[in-house]
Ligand code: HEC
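First, one chain by itself in structure tokens, the form predicted on its own.
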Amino acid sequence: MTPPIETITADTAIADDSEDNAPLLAHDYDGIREYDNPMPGWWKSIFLGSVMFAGFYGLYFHLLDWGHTDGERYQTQLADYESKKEIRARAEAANVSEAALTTAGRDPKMVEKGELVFKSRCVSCHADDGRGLIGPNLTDLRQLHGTTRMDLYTTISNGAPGTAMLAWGEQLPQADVVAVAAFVTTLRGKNIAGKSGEGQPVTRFEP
């Protein structure tokens, strides 16, 4: 036999307290009663602290402009880096010369290192053997930018504005750029069939 369902009224709800003395609210829903338990003090403290922090953050970073966000700091550092780009280029170029590149081109280990870097970075434009794709053929007796070893190094390091040639000096250590330049000098005169010659006529580099 089903026991009778007790009817909950506002009076009985208010009078009935829980074990921790939290009063029952006057309303009920389908026989379900709700205790009037306040939020814990630690929760209120965290909530109020979050509101205060948000207000301080807005004032500090946006209204009073006292602080700088990560994005703003990055832009400042990037501008400083770009402003010193020419100084760095001159300092690096001072350590490289036609004679130094000639010596590097005679060093099998340096040339091998340059070939590895070339094949990992440059094949999409020059093919793995230097015959040229988007970029010029590096094996014929023509040079698009200048004529010397230093011209090759400068093009590799600083790129060629208006073309797909990147400034690898901004992405690679200087030693790698020197190694690639040394390797490229060994390609001139191999005359591998590929892209038609571009630039002015040149002679093979003396070993």
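Just count from 1 along the sequence shown to find any residue number. Just so it is clear, the model here is predicted, and its values are computed rather than measured.
Keep in mind that the form predicted in complex with the ligand is missing from the display, and what follows is about it.
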Partner contact check in the predicted bound form: of 48-56, 163-171, 26-34, 63-71, the stretch with a heavy atom within 4.5 Å of the ligand is 163-171
Could you confirm whether Leu152 comes within 4.5 Å of the ligand in the predicted bound form, counting heavy atoms only? yes
Does the 4.5 Å heavy atom contact test between Arg106 and the ligand in the predicted bound form come out positive? no
4.5 Å heavy atom contact, Lys85 and the ligand in the predicted bound form: no
Find out whether any non-hydrogen atom of Leu144 is located within 4.5 angstroms of the ligand in the predicted bound form, and reply yes or no. yes
Residues from 116-140 in contact with the ligand (non-hydrogen atom within 4.5 Å) in the predicted bound form: Phe118, Arg121, Cys122, Ser124, Cys125, His126, Ile134, Gly135, Pro136, Leu138
